[in-house]
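Just one chain follows, in the form predicted alone, and it is written as structure tokens.
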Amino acid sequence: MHMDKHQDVIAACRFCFMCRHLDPVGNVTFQESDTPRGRALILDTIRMKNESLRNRDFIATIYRSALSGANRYHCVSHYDEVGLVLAARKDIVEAGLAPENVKALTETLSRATFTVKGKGTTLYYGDHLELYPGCKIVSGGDPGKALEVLGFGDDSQKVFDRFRSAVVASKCTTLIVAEPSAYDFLKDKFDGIEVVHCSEHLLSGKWKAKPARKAFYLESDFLKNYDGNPAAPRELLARYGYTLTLFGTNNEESYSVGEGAVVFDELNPGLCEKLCRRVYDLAGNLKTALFITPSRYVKATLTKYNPQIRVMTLEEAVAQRKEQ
């Protein structure tokens, strides 16, 4: 089983309470099973008794994880609890036990195809081509990250192969990626093509000083907890006049409403709404507070459950100041 490769995580996490306050799902369900310790205990049971893999409650718990990475990032020993959950999902899929909603979503994601339009040696993967004059654009859906997160490694590879073929055929030398989940997935997958996050590219461009504007910054699970917390997104927003305030009760917790699980809202809408409501409650006055997030998933999800919230993606925040 894939989870056997993470026995050190199971042994360490199953009796540890130190990071339970950082699990987004545990903070809204108040269930011990929705913490790293609870999941490790469940997977320890499965590891010792293979028949337990068929327990539907166990499987549902594994697919309820938001995979924020905050627990791993702030663990003093950095035990890879995210890797353990992803391994368990692979085991569930390979045993033919994936939940029906997961299988249905997988069928949709597996149909992704990709096209390239435009001219130039730089290729952009995102929604705001106007910020990148002279760039081509590649479009067509998720490049395989969501399928990988769901535990469908073979399907993920097939979709990525189609994405890679489109990118290579474009003859680009640089691929600019906007969505943090896609950036995390693609950053090390190409030889001879530099993959950069959009904030890195935009930071190197021309800009003009703007009057100060206050905003709450919602850290990306992927950029912060998976990819070393790069300074480029915050530096870019500062150059465009945004005075950023970290959101919430502390600087360790994730408020990205399931971004780490990529398709969390599609699988767990009721639970995702609870994650969003926690953000609304901590925000105070939604009509006056301004939020900026690097992730279009975070923006779409937060506005879905309360359209009053004022939230922009990082690219939208830059575009708005460029136009002023």
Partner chain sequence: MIPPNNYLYEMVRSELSWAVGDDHVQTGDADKLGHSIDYYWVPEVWHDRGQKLPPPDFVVYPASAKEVSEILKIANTHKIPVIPWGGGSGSQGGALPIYGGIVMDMKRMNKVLNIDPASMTATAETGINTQHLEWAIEKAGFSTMHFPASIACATLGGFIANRGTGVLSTKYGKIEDMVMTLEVVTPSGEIINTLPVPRHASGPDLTQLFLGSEGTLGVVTKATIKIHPIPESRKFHAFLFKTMHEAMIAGSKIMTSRLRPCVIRLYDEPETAKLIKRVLGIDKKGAYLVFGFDGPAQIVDLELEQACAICREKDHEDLGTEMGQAWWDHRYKFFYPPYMFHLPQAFGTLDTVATFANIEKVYWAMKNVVHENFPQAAFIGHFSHWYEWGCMLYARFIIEAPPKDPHEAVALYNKIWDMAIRAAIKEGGVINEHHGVGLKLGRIMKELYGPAFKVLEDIKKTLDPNNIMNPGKMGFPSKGI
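Residue numbers count along the first chain shown, from 1. Because the structure is a prediction, the values reported are computed rather than measured.
Just so it is clear, the following notes concern the form predicted in complex with the partner chain, a form of the same protein that is not shown.
Taking the partner from elsewhere, Glu252 is found to have a heavy atom lying within 4.5 Å of the partner chain in the predicted complex. The closest heavy atom approach of Lys304 to the partner chain in the predicted complex falls outside 4.5 Å. Contact annotation: Asp44 falls within 4.5 Å of the partner chain in the predicted complex, judged by heavy atom distances. In the predicted complex, at least one heavy atom of Ser77 sits within 4.5 Å of the partner chain. Shown here without its partner, the chain carries Ser33, Asp57 and Arg278, all of which come within 4.5 Å of the partner chain in the predicted complex through at least one heavy atom. Stretch 68-76 is the answer when you ask which of 236-244, 165-173, 68-76, 185-193 has residues with heavy atoms within 4.5 Å of the partner chain in the predicted complex.
Counting a residue when any of its non-hydrogen atoms is within 4.5 Å of the partner chain in the predicted complex, the hits in 5-42 run Ala12, Arg14, Phe15, Cys16, Phe17, Met18, Arg20, His21, Leu22, Asn27, Thr29, Phe30, Gln31, Glu32, Ser33, Arg37, Leu41, Ile42.
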